[in-house]
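Next up is one chain by itself, shown in structure tokens, the form predicted alone.
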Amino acid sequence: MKNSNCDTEVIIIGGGLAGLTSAIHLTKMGCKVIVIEKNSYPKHKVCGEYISNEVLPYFDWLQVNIEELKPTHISTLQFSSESGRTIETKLPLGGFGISRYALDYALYLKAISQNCEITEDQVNELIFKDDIFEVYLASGKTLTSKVVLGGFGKRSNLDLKMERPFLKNKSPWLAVKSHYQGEFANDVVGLHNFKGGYCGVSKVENNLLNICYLTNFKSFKKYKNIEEFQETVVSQNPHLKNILENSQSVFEKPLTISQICFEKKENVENHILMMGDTAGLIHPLCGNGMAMAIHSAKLASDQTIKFLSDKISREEMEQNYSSNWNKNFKQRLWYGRILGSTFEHSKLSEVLTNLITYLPFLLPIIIRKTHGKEINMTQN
């Protein structure tokens, strides 16, 4: 790899799914990597916690053994309209259920075992000058590197600092997640609609049930608290009513995130290769955000290694990454935004969900448009 006076070759901002995966990839290939993550591990995150099996060839190459985490194996998607009308379809590749608490921690330990440095800190500012990044941390420390990868999530103070255009658009979505003890099939991921939103339900490790829903904040703010909203609105769907009434939350209180935006983002800004949600947030209705984050880490890592090995220029690295990102994800994100816009409007949402349940062949089409094929390990 390139010799320089920098503190490290690669700084990864954000130690989530994309950040940790790229850290494992890069350190496996001999790169010197520092990950900056503001939170400690392990930690829960608001997430659907279902991953398409398309990532398994890549995890095998990284020597990340998912089976050691005892995931559930999911083969069926169950979809219901607000009224409870239901259809089921087989998932083309299938997937698995694993909590972010378990998965992120396992990836963290793997990265550490490969001599990746992971620093609990926050990036306040970064400057690209004379082909070098200067990264200023909240602790007062300054780091330098040849490459910076961005995996800092859906919305960050860095997005504000960089004045990223997507921040100008409205962010009307709120997400709520909790783990429960309750009965639910291990091999099913449920997607159940309610007025103003929808809810994902699936098992993760330790026989726990992950329930995570997305709702329009305009609908939510009419109610005093989450409990009242769930009882009054979410439970109008008979499937969700039955699940919630017969399950017991194991969290002291649900996790929430707000200001979720599905607008288009640039995948390279200020010479930073953006990964996962930082580069583009697919509507959770598509059920494929975690797989996309993992795949984007591979795409960014492949180009970073070529650049650090003097095989390509920085400009080529950025262009190649952007091209590969668009090839793999642009269409999926477009479909996700269309679906998201539809679900923002209650009447259109009701029409779409009823249409899907009355015309069940539409659901496999949506799945094909929003999911990928197995990650090709020879393509970079």
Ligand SMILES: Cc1cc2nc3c(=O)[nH]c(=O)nc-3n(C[C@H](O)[C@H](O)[C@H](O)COP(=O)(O)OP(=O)(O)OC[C@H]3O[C@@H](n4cnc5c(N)ncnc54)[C@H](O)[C@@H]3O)c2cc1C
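Just count from 1 along the sequence shown to find any residue number. Quick caveat, the model's predicted, so the values are computed rather than measured.
Omitted here: the form predicted together with the ligand. The next part is about that form.
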| message | Counting any non-hydrogen atom inside 4.5 Å, which residue from 257, 188, 244, 93 sits next to the ligand in the predicted bound form? | response | 257
| Of the options 46, 34, 339, 62, which one has a non-hydrogen atom that comes within 4.5 Å of the ligand in the predicted bound form? | 46
| said: Please pick out the stretch from 84 to 92, 219 to 227, 268 to 276, 68 to 76 that is in contact with the ligand in the predicted bound form, where contact means heavy atoms within 4.5 Å. | reply: 268 to 276
| Any non-hydrogen atom of residue 38 within 4.5 angstroms of the ligand in the predicted bound form | yes
| query | Would residue 10 count as touching the ligand in the predicted bound form under a 4.5 Å heavy atom rule? | reply | no
| Hey, in the predicted bound form, does residue 192 get a heavy atom within 4.5 angstroms of the ligand? | no
| query | Does residue 162 make contact with the ligand in the predicted bound form, using a 4.5 Å heavy atom cut-off? | reply | no
| field | the ligand in the predicted bound form - contacting residues of 137 to 172, heavy atom within 4.5 Å | value | 151, 152, 153, 154, 156, 157, 158
